[in-house]
Every structure is written in structure tokens, then in C-alpha cells.
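One chain follows as C-alpha cells, the form predicted alone.
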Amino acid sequence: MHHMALLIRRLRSGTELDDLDIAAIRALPVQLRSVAPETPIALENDHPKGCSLIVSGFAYRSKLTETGKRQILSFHIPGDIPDLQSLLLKTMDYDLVTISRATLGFITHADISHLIDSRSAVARALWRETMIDSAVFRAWILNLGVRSASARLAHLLAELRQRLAEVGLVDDNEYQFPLTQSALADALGLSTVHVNRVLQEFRSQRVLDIRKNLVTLFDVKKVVAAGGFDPAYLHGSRPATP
């Protein structure tokens, strides 16, 4: 698979791109690099000169409190450019770190700027991606602010399933994602003990399970209902919920 394939699939799902647009995206100079889990891609206060495309593997955004406590702000999947904001916001205001072994494609700001200046449809598609990114943040704020622990977990797993399905990475309601209980705790605003308790309850009810980096949703309708998940905020063109 071409290293731009999933990004192109994402961009074409919401914006009409012609053959010249696709060729321009494929022609972007990309420096590929394979990295280990927990590798910083960019850190808060860095001044990156380019953006990173996740070709394979997964990453997360996070911030640390003054006492060193981590809050995971979002998870990122193949096809994402999670630091696209750095094209205009020159100082990073969060950490971006791999959560698994990953292949990253680094693209300079100069090359991205040339692309968006020369291909207006691609510029609109990338702008749309940043708007969806903002919509995901709003959904996460709601999730952490008002939902119960079990609903928070169900909503997160339903969201990941939806996003991964849209790039063809879900198989029979199972998907690969390295969700440790520690990472879940930091993403959901819970303790690891509380996460374990919620997982055990869902597991005993045969609703969902997470084992060895594999997320299994035994009953997708129950997961969606438990999390109050409505995929509208993801603005996808191919509904993946039942």
C-alpha cells in the first residue's frame, strides 16, 4: 500500500478531489521513519519544521500538569496528521507520542504550504480535517464532563471503531489498538482500578473486551447505546455503526 493511501481515502471521503489533486498528494516528499512505542514525535514548546503522517501504528496527544500527571487528549490512527496545526501555530502546545510501534511520514511545512497554495481542493480537504479534529475534542469534553465511567469507555471504543472502520481497519467488530489500562485511565479521567472494574463488568456481560491489543465489541449496539455514541460529529461519509 502506498504510504499516502489512507490519508487520500480520508480526504476523499468528504471533499471531491480530482486526479491532479491525488497526484499532487502522492508526489509530496515524505521522509519515512519507523519508531518504537512511546517515542515522542513532537513535544510541548517544540517548534517543528514539518508535520507527521501516521502511516501505520497509533499515537496520542497529551499534556502534563505541573505535578506530572498526564491527560491524554486524543488518540490517532493511520491516515491522521495529528500535528497539522503546526503549519500555522508554530509552537507545540501538547505532546505527541506514539502508543505503539509506528511508521511515520514527515512532510515539511514548506511542501505542505506549496500543496495547499497550488491545489485549492486539497486545502479545503485539509481544513475540513482540522474542523473534524475540533469536533472530536468537543465530543471528548462532553464525554469526560458528564458521562459515567462505563459510558466514557463505551463511547471511546465506539468512536475508535467508527474511525478505524472508515479507513478499513475493522474486522468483524474487532480492531487492533494498544489500549493499556493506564492509557485508558489517562484518557478517561479515571484511575486504573476504576478502569479495570468497568472492563470486568463489560467483559462479564459479554458486551466488549480488550486483550493483547485487540478490542472486541461483542455487541456493538449495546456499546453504542451504553456510550450514547452518535457518529455525526465525525462527519464520515460511510456510516460504520449498525
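From a predicted model like this one, the values you see are computed outputs, not experimental measurements. Residue numbers run from 1 along the displayed sequence.
Below, we turn to the form predicted in complex with a further copy of the same chain, even though it does not appear here.
63 is the sole member of 49, 26, 63, 203 with a non-hydrogen atom lying within 4.5 angstroms of a further copy of the same chain in the predicted bound form. Just one listed stretch, out of 169 to 177, 204 to 212, 26 to 34, 64 to 72, contacts a further copy of the same chain in the predicted bound form at the 4.5 Å heavy atom level, and that stretch is 64 to 72. At least one heavy atom of residue 139 is located within 4.5 Å of a further copy of the same chain in the predicted bound form. Within this chain, residue 102 is remote from the site of a further copy of the same chain in the predicted bound form, having no heavy atom within 4.5 Å. Residue contact check for residue 126: one or more of its heavy atoms lie within 4.5 Å of a further copy of the same chain in the predicted bound form. In the predicted bound form, no heavy atom of residue 40 sits within 4.5 Å of a further copy of the same chain.
Heavy atoms closer than or equal to 4.5 Å to a further copy of the same chain in the predicted bound form belong, across 160 to 187, to no residue whatsoever.
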